[in-house]
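Take a look at this one chain, the form predicted alone, written out in structure tokens.
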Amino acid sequence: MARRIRTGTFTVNGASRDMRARNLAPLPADIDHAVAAAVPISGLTAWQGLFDHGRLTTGQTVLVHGAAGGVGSIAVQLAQEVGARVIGTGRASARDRALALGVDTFLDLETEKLEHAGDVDVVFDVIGGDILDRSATLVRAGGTLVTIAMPPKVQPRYGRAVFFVVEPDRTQLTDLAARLRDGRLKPIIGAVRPLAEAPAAFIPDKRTPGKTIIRVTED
């Protein structure tokens, strides 16, 4: 039995997003609420970044920054399932998690050169700054640099650069829910914290890897 979900709006990067019923998808009854909460925004962001904007297809190569994070971990799994070669980046502590998700190659951005990734068809960026600027040189002809962090200052020489804010999409949510139910998609949950601890949960230096979930009420 699907569970009812309240409608309303949510905010991403300062922009209000529509949560009316036509944009929602039913949650399979056997999926834990905390697991389900880790999917909608991160999942839609990953999906739209890879496929709507990046146009990633089978046989291409994608570079995913923050490969073990909330968005990046889902992007890795979606890209791997469509048959793309996946290069993931992150800190050394994220290497094992990223490899377990299915990345073909992992780069530690603190000790390894980003340029060692080589040419790629799509860059999916969640970091911004210098990493975003340097990533533009990795995009091969006809490829795309996609970012959710900030409008890119540096453009790929023979490709495109896209900055986007996630949009609601019922069809994509339904597909993500099916993958979650079938075990084909496994979000990384870093921590589940009560509402009272929400401010502390998002202090950059104290955040746990993966998606942090704030539990508003107890089941």
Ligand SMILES: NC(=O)c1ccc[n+]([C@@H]2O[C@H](COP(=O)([O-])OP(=O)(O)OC[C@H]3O[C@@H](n4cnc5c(N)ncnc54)[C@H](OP(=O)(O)O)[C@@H]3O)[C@@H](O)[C@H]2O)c1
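Numbers follow the displayed sequence, beginning with 1. Every value quoted in this text rests on a predicted model; they were computed, and no experiment measured them.
The same protein also exists as the form predicted in complex with the named molecule; that form is not shown, yet it is the one meant from here on.
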Looking at heavy atoms inside 4.5 Å, which stretch does the named molecule contact in the predicted complex, given the options 90 to 98, 137 to 145, 77 to 85, 115 to 123? 90 to 98
Find out whether any non-hydrogen atom of Leu132 is located within 4.5 angstroms of the named molecule in the predicted complex, and reply yes or no. no
Are any of the heavy atoms in Gly54 no more than 4.5 Å from a heavy atom of the named molecule in the predicted complex? no
Is there a non-hydrogen atom of Leu176 within 4.5 angstroms of a non-hydrogen atom of the named molecule in the predicted complex? no
4.5 angstroms heavy atom contact with the named molecule in the predicted complex for Gln172: no
Determine the residues of 50 to 89 with a heavy atom within 4.5 Å of the named molecule in the predicted complex and present them in sequence order; the list may be empty. Gly66, Ala68, Gly69, Gly70, Val71, Gly72
